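Just the one chain here, laid out as structure tokens, in the form predicted alone.
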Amino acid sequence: MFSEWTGIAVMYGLTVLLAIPLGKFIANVFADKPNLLDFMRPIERLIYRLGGVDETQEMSWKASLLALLTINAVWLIYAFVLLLVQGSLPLNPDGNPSMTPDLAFNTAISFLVNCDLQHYSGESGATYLTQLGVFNFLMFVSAATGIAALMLIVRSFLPKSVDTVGNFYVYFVKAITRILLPLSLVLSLVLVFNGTPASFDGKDSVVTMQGDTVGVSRGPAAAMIGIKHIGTNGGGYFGANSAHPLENPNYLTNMAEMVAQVIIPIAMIFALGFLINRKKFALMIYGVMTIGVLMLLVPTLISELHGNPAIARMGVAQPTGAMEGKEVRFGPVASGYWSILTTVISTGSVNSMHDSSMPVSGMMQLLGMMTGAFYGGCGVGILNFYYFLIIAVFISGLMVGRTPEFFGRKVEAREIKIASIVALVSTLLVKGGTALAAWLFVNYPEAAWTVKPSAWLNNPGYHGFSEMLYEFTSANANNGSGFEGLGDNNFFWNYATGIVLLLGRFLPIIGPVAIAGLLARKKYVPESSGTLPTDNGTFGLMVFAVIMIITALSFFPALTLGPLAEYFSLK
């Protein structure tokens, strides 16, 4: 047991130690300072030339958002068409079929928005061409979109008024060439040398210890798994994701994948501090986020180590904790650690089955996605935290009787309205979608659909409600993990979560970028003795309270009907 605790301590400690210099490197990249990857400059210039991009042109926040949305719309159409016809295209040695329109709609959107909510099984639902040409491609560009979007708000922190926020295309290209590509290459090499497939061969026939002959899928898995974690994407090459022995062969690869999926979200916090020369502010953000993660992680580990009360009443000993749905090679501690970190950030990859988690663990996973502001995904975690900052500044200003100011700019009605709308719409998408699904399940269980609503849930009662709540929460948070007892590959879940995926991705990008663009244009007022400090522990506590109160008020009733009710039913 001691070694398991040591393992997660080493994982997190190594992540932070690597994230600090990586944050400095990222800041140098986007500040156009000399760095180790300046040799990529000719490739970047070629990309700009081919795309007709003037890298010296400054863009307003509106022009940047238009560019972001337009280029994502093009990728969506590209992905949707290829998935519809993948069965007729090359690089399909296993003869996997094309996707149905509703599944292609959901899958294309899911990978576009960095969610990777998979309503299909990786090795049988996609071909080598779409695994690489669609999913691998979208994993890079979706992560780069989030990083570039974060760079668009940086100038709102600087002590001068500006009308432009930089060049979205430059930020986007550099995010790929100098951050995502090198790091994913390193992780992919680690995986290859530990047994992850990296070929274009079809299934291999293997005789098991029981004497059965089975087909084991192979393919170019390592390349996809590298960016899957570095880019906080999370979509599995294999259906079992990182619980699959070829996707995550041993404890070393488990540690590498765990570090990889958290390193950029933490590094971006430090990078922001270096870019705006406010290291104390970055430490405040890191402190608030880390406390939030610990408050989710500790109850999860305790719950998993104590085992399942229902199994204990059957007289079955559980010396290692709750092992249902977990890999013996990882155990409950490493699995519980992964389950929380993968839900507080937007990765959503799994090395155990979340549907088998204890009720308290499931609630912590849900809360991690519902807050969306503890580390978060590549770039977008800080964007989600940003609108909580604006709300906290506004409330703090009212409490002390001063006009709310944030980094020398007045926070007025327009900014607070945008932040409030983003927070409220997120709640509406999760609870509204879950309410609709529950209503259909209860009132039209035998509807004449290809998959009847009565067949959606493998687990009735409280856990069944949690499965539906988890699916919409995951979609809205662009996470991608799931309680897989839910039968989700049908037209209702494909279209409903597809719409939530789009809104859950782009509204939390549009809102903070719009707020930052509006603030950047306002007159800068130098700090004085009456200025509210936003880089100390007191303000950090205020921000944390705002996050917790908004999340609790928004989602506590739904959590009561699902995981909390299930927890008390096991007592």
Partner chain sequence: MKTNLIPAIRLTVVMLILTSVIYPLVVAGIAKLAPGGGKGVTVEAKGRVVGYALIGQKFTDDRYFNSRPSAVEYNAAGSAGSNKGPSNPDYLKMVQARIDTFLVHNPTVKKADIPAELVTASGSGLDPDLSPAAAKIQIARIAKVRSLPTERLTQLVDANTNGPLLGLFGPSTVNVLKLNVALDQLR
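It should be emphasised that the depicted structure is a prediction, and the values quoted were computed from it without experimental measurement. Positions refer to the first chain, counted from 1.
This next part talks about the form predicted in complex with its partner chain, which is not shown.
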- line: Partner-free chain; cross-checking its partner chain in the model of the complex, the single residue of P42, G537, P533, G51 with a heavy atom within 4.5 Å is G51
- line: Among N308, Q86, S156, S396, just one has a heavy atom within 4.5 Å of its partner chain in the model of the complex, namely N308
- prompt: Quick one: is I47 in contact with its partner chain in the model of the complex, heavy atoms, 4.5 Å cut-off?
  reply: yes
message: When the contact criterion is heavy atoms within 4.5 Å, does I227 count as touching its partner chain in the model of the complex?
response: yes
query: Could you tell me if T107 has a non-hydrogen atom within 4.5 Å of its partner chain in the model of the complex?
result: no
Contact label in the model of the complex: L564 to its partner chain, heavy atom within 4.5 Å: no
field: Residues M209, A223 and P460 all lining its partner chain in the model of the complex, heavy atom within 4.5 Å
entry: yes
query: Taking the partner as it appears in the model of the complex, which of 97-105, 111-119, 372-380, 479-487 has residues with heavy atoms within 4.5 Å of its partner chain?
result: 479-487
task: Pull the contact list for 60-89: residues with a heavy atom within 4.5 Å of its partner chain in the model of the complex, in sequence order.
output: L66, A67, T70, I71, V74, W75, Y78
